[in-house]
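A single chain comes next, written as structure tokens; it is the form predicted alone.
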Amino acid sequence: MTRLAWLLAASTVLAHPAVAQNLVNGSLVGDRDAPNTLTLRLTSDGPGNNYPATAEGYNELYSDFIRNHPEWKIEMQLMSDNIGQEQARMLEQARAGRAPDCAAVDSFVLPQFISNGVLASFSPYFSDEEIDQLFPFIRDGITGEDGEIYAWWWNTDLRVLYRNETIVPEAPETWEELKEAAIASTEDGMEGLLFNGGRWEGTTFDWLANYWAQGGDLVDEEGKPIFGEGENREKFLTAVNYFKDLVDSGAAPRRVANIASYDDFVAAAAAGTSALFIGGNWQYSQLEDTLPAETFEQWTFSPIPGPTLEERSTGTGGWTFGSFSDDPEKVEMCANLVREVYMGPANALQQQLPTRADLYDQYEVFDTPANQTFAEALDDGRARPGAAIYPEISNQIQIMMGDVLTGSKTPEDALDDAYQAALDAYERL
């Protein structure tokens, strides 16, 4: 079949809705006889999603996409839930030249992929206007040292301070205001401020906002730990002592040292035992789904307080797409997929926060006061460093936090131990 004949046939087939539905399944999108193939590895953010309505939404998005590109078919590979292992395996495959043409890359590890030089540049396929609309931390995260962008970061999340307005009417804006509000809430029978303090990543990630708000850094440009030296040490101790004081003063219950799940906060809100907690933006809808309507209306959120009004930060994550291909046509097809399926439409489908400020005005679902406030808070967003040592730094901060909040070590001793352990691990890399 000639290329023209194939295009005519494909156009006829794809124009028929019933047939178009058959072109999307868990592993293949498009006509299997299409002359061009793009291999795509992704998470459940696609037609393989476990929720039927979401999966159907992605089927429609992918169907529309392949109608616009009838010369292509997409062979899909679904990642397992062990994201850390999946990303490490994909990096090794990329180094060996065996990675898929296009893939979802966790923003958490994206700098490792960029520094290894395994991603193709996306700069030719996105306009300056599109790039300028990205939140600053997003733009920085996808940009290499040469100024080229090597991925497109399409969704994100952030942490905020939730409060019950009937007990805490005004949003605390500084650490001192939050402490006062939390203590005052205990006089109404509440537990005070709840936050993650147990042994898991959430403890590190949520607390880091207090360190980052002061301008602290965990690692240098080479990825070596520096949080235990000089000004960083002072800022680190200030943030640790802040959490210690919250517990010692009664502003936070001692049980926070064992909290290792965001679900505990929603449970406390449902039980009416807490009026303040630091949680993720996704928990707003969880509160709406869990609480009676009249109780949900009592809850709101605001940016995480900083040491001063001018010092603010919040931890942000999310997913990117990048291309490992050296074929310019496949790189462009990967970029097209991101633009036409994920950059806006998929955000709206899953109500996942867009990374471009202008998209909040283009989709009605993001025009709510809640999502508008989340968008404003992203201006203070900061992503975790992509250094290889970060997982061990996080592990040591979790141990340190437990030691400090339970009083088994002073903040100084706990920091020294955590820092030395991180340096020792760095030397073993």
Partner chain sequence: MTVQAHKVARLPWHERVGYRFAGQPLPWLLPVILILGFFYLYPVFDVFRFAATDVTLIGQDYEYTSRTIQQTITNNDLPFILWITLIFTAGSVIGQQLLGLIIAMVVIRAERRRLFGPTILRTTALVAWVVPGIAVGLIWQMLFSEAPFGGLNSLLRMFGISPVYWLSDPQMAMWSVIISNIWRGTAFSMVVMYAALKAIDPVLYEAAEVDGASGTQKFRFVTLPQLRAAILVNMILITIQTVNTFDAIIALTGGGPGRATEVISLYAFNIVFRNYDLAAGSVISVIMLMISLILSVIYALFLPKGDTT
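Keep in mind it's a predicted model, so treat the numbers as computed, not measured. Positions refer to the first chain, counted from 1. Under this definition, the rigid core comprises the largest set of C-alpha atoms superposing within 1.5 Å between the forms.
Another form, the form predicted in complex with the partner chain, is not on view; read the next lines as being about it.
The partner is absent here; in the predicted bound form, the one residue of S185, Q283, Q112, S313 having a heavy atom within 4.5 Å of the partner chain is Q112. For the options T174, Q133, N258, Q351, the one in contact with the partner chain in the predicted bound form, meaning a heavy atom within 4.5 Å, is N258. From the list 142 to 150, 98 to 106, 271 to 279, 331 to 339, the contact stretch for the partner chain in the predicted bound form under a 4.5 Å heavy atom rule is 271 to 279. Every residue of the trio N82, E92 and Q396 has some heavy atom no more than 4.5 Å from the partner chain in the predicted bound form. Taking non-hydrogen atoms only, E191 approaches the partner chain to within 4.5 angstroms in the predicted bound form. Among heavy atoms of R199, some come within 4.5 Å of the partner chain in the predicted bound form. Using a 4.5 angstroms limit between non-hydrogen atoms, R254 touches the partner chain in the predicted bound form. When the partner chain is considered in the predicted bound form, A388 lines it closely, a heavy atom lying within 4.5 Å. Once both forms are fitted on their core, a CA shift of 2 Å or more is seen for D106 between the shown form and the other one. In comparison with the shown form, the Cα-Cα distance of R95 and E221 increases by at least 3 angstroms in the predicted bound form. Between E221 and G97, the Cα spacing is larger in the predicted bound form than in the shown form, differing by no less than 3 Å.
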